[in-house]
Structure formats: structure tokens, C-alpha cells
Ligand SMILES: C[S@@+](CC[C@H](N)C(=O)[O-])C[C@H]1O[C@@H](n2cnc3c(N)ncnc32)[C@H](O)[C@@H]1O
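Okay, here we've got a single chain as C-alpha cells, the form predicted alone, with questions on binding and movement later.
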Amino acid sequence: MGPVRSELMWQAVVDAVEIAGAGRLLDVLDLGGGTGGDAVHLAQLGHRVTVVDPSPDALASLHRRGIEAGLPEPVRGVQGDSGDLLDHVEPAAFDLVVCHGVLEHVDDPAQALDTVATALRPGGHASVMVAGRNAAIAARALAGDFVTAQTLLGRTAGTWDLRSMGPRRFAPAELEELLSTQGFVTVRTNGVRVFADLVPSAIVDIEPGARDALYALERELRSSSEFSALSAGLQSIARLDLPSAATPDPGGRSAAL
């Protein structure tokens, strides 16, 4: 059994698959999927998975991981990123796009999500996870770095400077607005790692039952808005909104609502 943090991150993927699939096998795109830890697990469950990542070393590790797992068919690995995604995959090809830890690093999160939407089938789902700004502020303050905490407090995702401040941090409302603007309807929001990044590993590793208790606490608090806003990871599982159905007008013709 691995670290609580890793298990929580994997469970976030499972949550998205359950919502998107309702028990059926899916075509899944793991954008920025790295060495394919999640992708290979999904393939072992029978899902058809494509990983797009800019690192050739990561994709080589993905290939080795798939061989070691004994997959009957390898996970497809493609070198690329959100900027050139549609050069490598067909539009409307996926039921679920996993976009975890991506929007923090791109110059234009809205453009990246627009590309994700294009890759999805109508009614498909995206699982978007970003780093939470409230957690970063708290971590800086607890470390005694009050100046940086104050700086983060005065920033928004829209005014973030990647070059001077590092990866972008989001508030929950910012992520929800971003998804809505790009045509997504949020189905579920989760806080991922409310306390897991703050609890010393010595406590989790040494105290009997501490690991399981921490995991259970995290899963209980993930849907609490009071606590999820403080989590290190903010996850939104969202459905690509379908165009309004055509309905007959009084004259017998169909008219789009």
C-alpha cells in the first residue's frame, strides 16, 4: 500500500471514471499523464487509454510500465501537450479527459480547456485538478513566510505570473468559472489532500491505524466546501454541455432552443 497522497490522487481518477462511465469501458485521454501510473491502472481495468505528455523519458517509462504490467495492448503514448493536442488526437474521440496538474503550468488555461472540450465526445466528461491557492497561502504562513503568503493572497489565477511566481494556484470559484466559460457543467467538486500534505509522515507511518484513519478522513471531507477550499488539490469533474435539443415550433418546424 503506497502513501496516502498517492492513493488519494488515484482515487480522484476512479471517481471521475465512475461518473463518466457508469460502469462501461471508456476511451480515456490522460493529458500530461507522465510515466503512466494512472493510465496503466486504467488499462488494467479494461479502459482504452491514451497518454499525451511532452517528456519522451516519461513516455519511455510508460511503455516499460505497460510491459511490466502485462497489458495485452500497450497504452498509447504521444509526445505533445495541450498546445498541440489536436495534432495528435482526433476531435470528439474520448469519453473522459483526465487533466490533472496541467492548468497550473500553461500560459492560457482557457485555451487548454477549449482543446480538452474539442477532444471530448458530446456529453463527455473532464476531470480537472489544479493546485489550490488557499492551501499554498496556509503552507507559506505555517512555514513563517508571511510575505509570500500575503503576495499569494493578493493574486488571482488570471493575474498570475508563471515566470516570477511558479505554477499557478486557483481558488475554487475560479476553476468553476473557467469550466463554465468553456461550456462545461460541473457534476462534482472534490478537495484532494485536505490534510495529507500537512501531516508529518512520521505520524502516518508509525502510529497504528493512522494511515487508514487519515485516508478515511480525507474521503469524508472531500465534498465539504468548508474544508475542500483548503485542500492542496481542487478537483472538478465536469460534463461537456450538450447543444440544446431541437423542438417543434407552433408552425410545425423544428427550432433550436
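Quick note: we count residues from 1 along the sequence shown, nothing fancier. What you see is a predicted model, and the numbers here were worked out from it, not measured in a lab.
The following text describes the form predicted in complex with the ligand, which does not appear among the structures shown.
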I'd like to know if Gly191 sits close to the ligand in the predicted complex, meaning any non-hydrogen atom pair within 4.5 angstroms.
no
Even though the partner isn't displayed, in the predicted complex is Arg169 close enough to the ligand, meaning a heavy atom within 4.5 Å?
no
So in the predicted complex, does Leu152 come within 4.5 Å of the ligand, heavy atom to heavy atom?
no
Does Leu31 make contact with the ligand in the predicted complex, using a 4.5 Å heavy atom cut-off?
yes
Sort through Ser61, Ser224, Gln44, Ser55 and report the residue having a heavy atom within 4.5 Å of the ligand in the predicted complex.
Ser55
Considering the ligand in the predicted complex, which of Leu178, Val106, Val89, Ala135 comes within 4.5 Å of it through any heavy atom?
Val106
Option from 118-126, 93-101, 142-150, 159-167 whose residues, in the predicted complex, bring a heavy atom within 4.5 Å of the ligand
93-101
